[in-house]
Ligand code: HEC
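Coming up is one lone chain in C-alpha cells, specifically the form predicted alone.
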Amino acid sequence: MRVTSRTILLTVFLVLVFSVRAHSGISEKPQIPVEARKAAALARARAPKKPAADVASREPRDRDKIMGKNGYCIDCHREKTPGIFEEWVLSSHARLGIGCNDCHGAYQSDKDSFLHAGRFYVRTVVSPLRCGRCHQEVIKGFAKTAHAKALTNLEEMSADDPRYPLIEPYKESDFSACRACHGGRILIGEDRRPTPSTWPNSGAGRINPDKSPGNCGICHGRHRFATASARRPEACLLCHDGRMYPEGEIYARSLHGLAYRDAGNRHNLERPYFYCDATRNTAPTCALCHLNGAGVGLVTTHNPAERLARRLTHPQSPERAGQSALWSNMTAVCEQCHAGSVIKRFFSAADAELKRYQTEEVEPALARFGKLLNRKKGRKRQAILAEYADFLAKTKTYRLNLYMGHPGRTER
C-alpha cells in the first residue's frame, strides 16, 4: 500500500490533537481563588514561630532591657553571680524590662542606701513598698493579712489570749527565735547596711527599714519571683510545718495531698490566671483553695483568710466577721470538683463535731489550765506550761483535720 505524504501529515495531525486533549484531561486542576491564596499566606505569617533554643533564652534579646544603670548591674553580675543573673533572665521582670536597679536602686539620702561598685547607691532590702510601685492592689491586700502581721500579732498579743503563756517567754528577746517564719525588725547600722543581728531576715511579717511589714520573697523566691514558686505546697511548708503548725503535714497526708503527689511533673503551675481550675488540673494545692480565683464569683487574692469562716488555729475557734460570705467563698472553691450536696454534708458534719469538741473538751480544759498557770510558779509552772503547749498543739490538729484531713485525729 502506497503511503502518500498527505496521509502522513494527516496522521501526525490527528495524533497531536488527541494527545493534547488526553494530557489536558488528566493534568488540569481547578484554579485556587485569589482570596483563598491571600488568606493562606496571612495565616502562615501569623502562625506561632518555633520557640528558640533554650540556650538562646539565657540572655535578654531586647537590648533595651539592659540600658541605663541596669546595664552596669548585668554586665557585672553576669560574670560574678551567673546563677542570680540566670534567675533574673528567666523571670517575667526581665521580659518586661525590669532590672536590678529598679528594685535595689536607692537615693543617697535614703538611710539604708550605700555606694555600690563605686557607681551608684543601692539598698539591700527590697520591701513590699518597692514591689507596690507596680503591684499596687496586691500589696494593699497583702498588708491586711496575717502573713504581713505575723510579727506584730506576736508583739501585740494581749495577756488574756489563751496562747499568751506560750509566747510570753520570747518577748524578752524580741521574738528572735520566731524570726525564721514570723520575721523580725531589720535595723540599719552605721555602714547603712542591715545589722548582722537582724539580717538575713526572710520572715513573712518582718518589719523593713522603710517601716513596711512583710516579705514577698518568702513565697515567690528572689530574683526570679516566679508565680509557680508560690503555687507549690512546698512554699507554704516552709512555715506551716511542725507540732504547732501542722497544716502542711495534714495537707500532705490528705487526699488532696495524695492527688498532688500522684500528678508528679504534670503540674502546669506557670499557667497564668486560673492556673488550677478543675477543668485543667485535679490536684489541689494550698494556693488553689486559699488564693486562686478560678471558682465562680471569686478573684485571685493574697489573703488566705478570705475563704475561712473560722479561726481554726485559735484555741477558741472564733467566727470571723462576715462568716456567711467567707463560707460561700470556700464553697465556690470546692464546687470546682465536688457536688454541692457533698460539700454541704461535709461542712455540716465538720461544724457539728467542732461545736461538740470545743464545748465538751476544749473550753473546760482551757479554764483548768488557766487556773493552774495563774497559781503555779517556777518549775511547777514550767511543767504545766509544757503540758499546756502539747494540749494546744493536739486540739489545733484535731480542728484542722476536721476540715482538711482525717477527722478524729489529734496527731498529724
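Bear in mind that the values here come from a model prediction, so they are computed numbers and not experimental data. From 1 onward, residues are counted along the sequence shown.
There is another form of the same protein, the form predicted together with this ligand; it is not shown, and what comes next is about it.
Contact between Lys80 and this ligand in the predicted complex at 4.5 Å, heavy atoms?
-> Yes, Lys80 is a contact residue.
This ligand contact at Gln108 in the predicted complex, heavy atom, 4.5 Å = Because no heavy atom of Gln108 falls inside 4.5 Å of this ligand in the predicted complex, the answer is no.
Does Pro304 reach this ligand in the predicted complex if we count a contact as any heavy atom within 4.5 Å?
-> Yes.
Contact between Ala389 and this ligand in the predicted complex at 4.5 Å, heavy atoms?
-> No, Ala389 sits far enough from this ligand in the predicted complex that none of its heavy atoms falls within 4.5 Å.
Contact residue in the predicted complex, from Leu115, Cys134, Ala339, Ala325 (heavy atom within 4.5 Å of this ligand) | After the contact test, the surviving option is Cys134.
Quick one: which residues from 149 to 167 get a non-hydrogen atom within 4.5 Å of this ligand in the predicted complex?
-> Sequence-ordered list: Lys149, Ala150, Asn153, Leu154, Met157, Arg163, Leu166, Ile167.
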